[in-house]
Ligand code: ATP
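Take a look at this one chain, the form predicted alone, written out in structure tokens.
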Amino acid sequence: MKFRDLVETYKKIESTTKRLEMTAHLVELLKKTPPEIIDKVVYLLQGKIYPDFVNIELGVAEKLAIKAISISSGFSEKEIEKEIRETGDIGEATEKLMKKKKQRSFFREELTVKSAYDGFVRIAKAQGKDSQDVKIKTLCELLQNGDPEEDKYIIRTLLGRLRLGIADMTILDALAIAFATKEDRPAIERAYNVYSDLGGIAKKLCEGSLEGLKEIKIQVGVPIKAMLAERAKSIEEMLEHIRDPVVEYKYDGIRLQVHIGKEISLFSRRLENLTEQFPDVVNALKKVFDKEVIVEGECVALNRETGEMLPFQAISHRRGRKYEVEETAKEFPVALFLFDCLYAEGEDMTQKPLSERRKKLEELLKPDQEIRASHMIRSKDKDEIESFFLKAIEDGCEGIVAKASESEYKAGARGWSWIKYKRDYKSEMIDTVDLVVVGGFAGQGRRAGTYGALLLACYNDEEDTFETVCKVGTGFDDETLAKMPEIFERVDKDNNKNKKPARVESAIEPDYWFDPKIVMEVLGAEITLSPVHTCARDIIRKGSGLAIRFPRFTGRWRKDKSAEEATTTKEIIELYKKQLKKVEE
């Protein structure tokens, strides 16, 4: 299959903002893709070469890419940098320069999907003292074999800037249409939730239709999509939904899914492999488990002297640290509080009731100071749960989570079987929300050179779009303000700053558009009807959306959440309705 076929699909998808049209283009591509490379095509559509849980990144520094473009085109690095500044996109700049490159290639092989993919893999896996030379040589070969338009997408892919605007759910839709039926879509998503390899799912479907899905089972080393909780404004509301609850602490840390087999792997709720960042947790797990299991818990930073739990900001220092890991582990010690068992000794536990899963966890766990079972009570009594909630707050937690004792573990789903109640719910807006940054406004005065405010959006999971809900310009300390251009540098480069991303619905035009990637925690005074914001537009009132009034940044960047895991439009609507009910009471 020619790489040109993939490029033509990229172009078609970029030319539309309509999800149905994007899906149709994907279906057309998938149907003509040979089974032996369909997994590679799906990864490339995601801008990857492997699933997230495989700890190999397709990252290439921009300076290295510029050097390879210079060698391939004959233009100097300064000329290339100038072209990038003028176009605002290194992919566009590459295409333009390669069209008028100063030397021609005498030996050029037609680029195929397989040869391009293999080149990307060589670049990603290059290590050691000669790795830079290997990466540059391989990238030059790809650029020489590709035509200028293909080169644009080669560079965008390698730099993580493909920006097609398609999410995993859209690809699942296309797979259902191409190889099954719309009625089979839930079964396909279920398979993806327990086996989070979209390329692998595509290969199973392509080779054996739905029969292939029946072979997909939970595997140690392949993360399962996390089950999520709804939110409640009171303990009374929790008890209305769950009659026989198990109530646990809601820790203020990083959720980890632990896979123990021949090796130990740790995955975030976004399915990223965090094993290397927590060597102390891995060593502790070796002491407390001697069976093959998949368990889930919350990793929390501790005060070394007092043993007290510290807020999320403390453990966030452990995220993204690839070097000096052992020193960081000593500086920010942690404990892992386990609350669920998803797989044990060859048996899928997800379809068993929580009470049975918890019993199995406690049977297998040999607790110590670093690995423990979560704090938990079984109670239907409001007063007892209230006391447990106050104790959780006193111990440094966010609040509590109530879970139906007979509930199954529904991978990738959010429902009323799990309900969280946090201390922030006593504020005017009831709760903090996690919103996606989609735009920025240039700072003035003291904020010149950074952003004066950010345009934030919630996620509409039915339409697969991001709808604006507020502008936030308060809650930033001087250090955060100074770092903001650096925080958003990569996102800004991912998109032409004057071009609205395809999945963003906005009636507001910021100075800079950002691809929806970075999530931040926000608290406001109340939710009001808005004539300008697009969140829930026309649902509550014709011509109006919903907006957060007087929003402020809490200081917490939600690096543990993808954009699609941000607060949803439906959740904003529910918060608004609860707010109205509170006023009426």
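Counting begins at 1, following the sequence as shown. Bear in mind the structure is a predicted one, so any value in this text is a computation, not a measurement.
One more form of this protein exists, namely the form predicted in complex with the named molecule; it is left out here, but the text below deals with it.
Though the partner is left out of this view, Arg156 does not reach within 4.5 Å of the named molecule in the predicted complex, counting heavy atoms only. Interface residue remark: Leu228 is counted as part of the site for the named molecule in the predicted complex, having a heavy atom within 4.5 Å. The named molecule in the predicted complex comes within 4.5 Å of no heavy atom belonging to Lys471. When the named molecule is considered in the predicted complex, Glu398 lines it closely, a heavy atom lying within 4.5 Å. Put simply, of Lys114, Arg269, Lys137, Lys410 only one has a heavy atom within 4.5 Å of the named molecule in the predicted complex, and it is Arg269. Note on the partner interface in the predicted complex: the residue among Asp89, Glu189, Glu298, Asp515 having a heavy atom within 4.5 angstroms of the named molecule is Glu298. Not one of Arg4, Lys12 and Lys40 comes within 4.5 Å of the named molecule in the predicted complex, counting any heavy atom. Checking 411-419, 174-182, 195-203, 117-125 against the named molecule in the predicted complex, the stretch whose residues place heavy atoms within 4.5 Å of it is 411-419.
Residues Glu248, Tyr249, Lys250, Tyr251, Arg255 are the members of 236-256 with a non-hydrogen atom no more than 4.5 angstroms from the named molecule in the predicted complex.
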